[in-house]
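Read the single chain below, which is given as structure tokens and is the form predicted alone.
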Amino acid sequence: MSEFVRLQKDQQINLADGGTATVIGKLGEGGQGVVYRVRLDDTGEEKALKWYFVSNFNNPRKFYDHLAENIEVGSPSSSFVWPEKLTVWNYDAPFGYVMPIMPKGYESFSKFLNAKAYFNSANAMVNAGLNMVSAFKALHYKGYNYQDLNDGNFTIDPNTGKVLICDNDNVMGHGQYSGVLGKARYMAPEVVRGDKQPDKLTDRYSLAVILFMLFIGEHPLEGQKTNVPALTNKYDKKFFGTEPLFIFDAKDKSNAPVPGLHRNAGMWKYFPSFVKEAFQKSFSQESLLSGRGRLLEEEWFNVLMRLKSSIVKCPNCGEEIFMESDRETVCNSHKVKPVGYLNFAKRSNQAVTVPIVGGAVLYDYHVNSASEDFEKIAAVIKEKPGKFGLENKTNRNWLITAPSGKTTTKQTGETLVLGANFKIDFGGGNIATVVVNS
């Protein structure tokens, strides 16, 4: 097998589709190869070229054909920085693939974990989670599984929460295996134990780890038990494979966060009960030891949509908080509770609620059961002394039914004064009931 040959500036590379690309400069280097900035000679577009260390492959032609297949099938969603073109195959010579260049303004996920980058709002942070979940729902729906999901795969716009997912060359069709098990601390316990190869079920474990780290800033299995001098291979297999235990396990507190060491774990108390329950289910002993009980992408999406609409400003101090719908919420040194909540029809047997508090927002997702649009605003809860209203920001009329049975309509721009047990029909059978807390 030939040695790796680095590319030089202005060097022209032949592409498998008959075109050529010219090297502009180097973008970066990793364990698999070098990434170059190139220009497509037929269009003038600038792209990135991942140029492989061929010596890393036992069967480089098989991997090349795998990349060609993924290019032909196409990207599952715009969130994936997907391979677009291959270089020409030449026996055992180096090869690579062309992909989009990362746009400016995005930060690596690791920078958020290391406090070198920050979201500009809670809304942007939750959007990042929603974008991750949506991307992997699309990936699995298209018949792929990722197999090597970890913190290094994501770059995020801190202002919007838009996510780009890179290093997609190990993505495989269901039932296929790339030969890559994954990255330590992100692999599902059954993969660590050697019980099975990566698939979409193990992807869902890794996704839950990423979401937990996104929101809490700690690893879900690293607590008191993992506080050892060094995480050797022996300890890795024990803590992340044979004896995994969630740091907030509802029944077993023996792996709880260590005060002063796991400082970010204090964020846990600021999240609503339904988010905590979702993580406790995802990292239950049943999930960790058998793989059962892990949330599907659709279930995570519903949880995160509920979280997104719980973002309000505390009426006492003005800080952004996640407001519980039916109970008190901790905010700094005091507790707050909404007067009630809007109760929607369940999705995937999961509750969908929005607290009635000034500034809470409904999205197209709430008023259209066929929609997963979490950016288009459908309504806003407004507050005046002694009462709350819901402003219609859709282009449809709402049908309002009072407890007495009397009906009225609210058009675009009009505001409905919210009263106990009123029902709001947004159209298409999408109905919410006004519930007043006791």
Ligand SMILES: Nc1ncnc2c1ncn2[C@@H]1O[C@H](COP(=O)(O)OP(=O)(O)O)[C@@H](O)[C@H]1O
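Numbering starts at 1 and follows the sequence shown. Treat the numbers as computed from the prediction; the structure is a model and nothing was measured.
Although not depicted, the form predicted together with this ligand is the subject of the following passage.
Trainee: Should residue 373 be counted as a contact of this ligand in the predicted bound form, where contact means heavy atoms within 4.5 Å?
Mentor: Residue 373 lies outside the contact set for this ligand.
Trainee: Do residue 65 and this ligand share at least one heavy atom pair within 4.5 Å in the predicted bound form?
Mentor: Answer no; every heavy atom of residue 65 is more than 4.5 Å from this ligand in the predicted bound form.
Trainee: Is residue 29 close to this ligand in the predicted bound form, meaning a heavy atom pair under 4.5 Å apart or at it?
Mentor: Yes, residue 29 lies within 4.5 Å of this ligand in the predicted bound form.
Trainee: Classify residue 99 as contacting or not contacting this ligand in the predicted bound form by the rule of any non-hydrogen atom within 4.5 angstroms, answering yes or no.
Mentor: Output for residue 99 is yes: heavy atoms within 4.5 Å of this ligand.
Trainee: Only one of 47-55, 387-395, 373-381, 408-416 has heavy atoms within 4.5 Å of this ligand in the predicted bound form; I'd like to know which.
Mentor: It is the stretch 47-55.
Trainee: Tell me, out of 125, 81, 289, 311, which residue has a non-hydrogen atom within 4.5 angstroms of this ligand in the predicted bound form.
Mentor: Looking at the other structure, the residue within range turns out to be 81.
Trainee: Please pick, from 326, 157, 167, 199, the one residue with any non-hydrogen atom lying within 4.5 angstroms of this ligand in the predicted bound form.
Mentor: For this set of options, the contacting one is 167.
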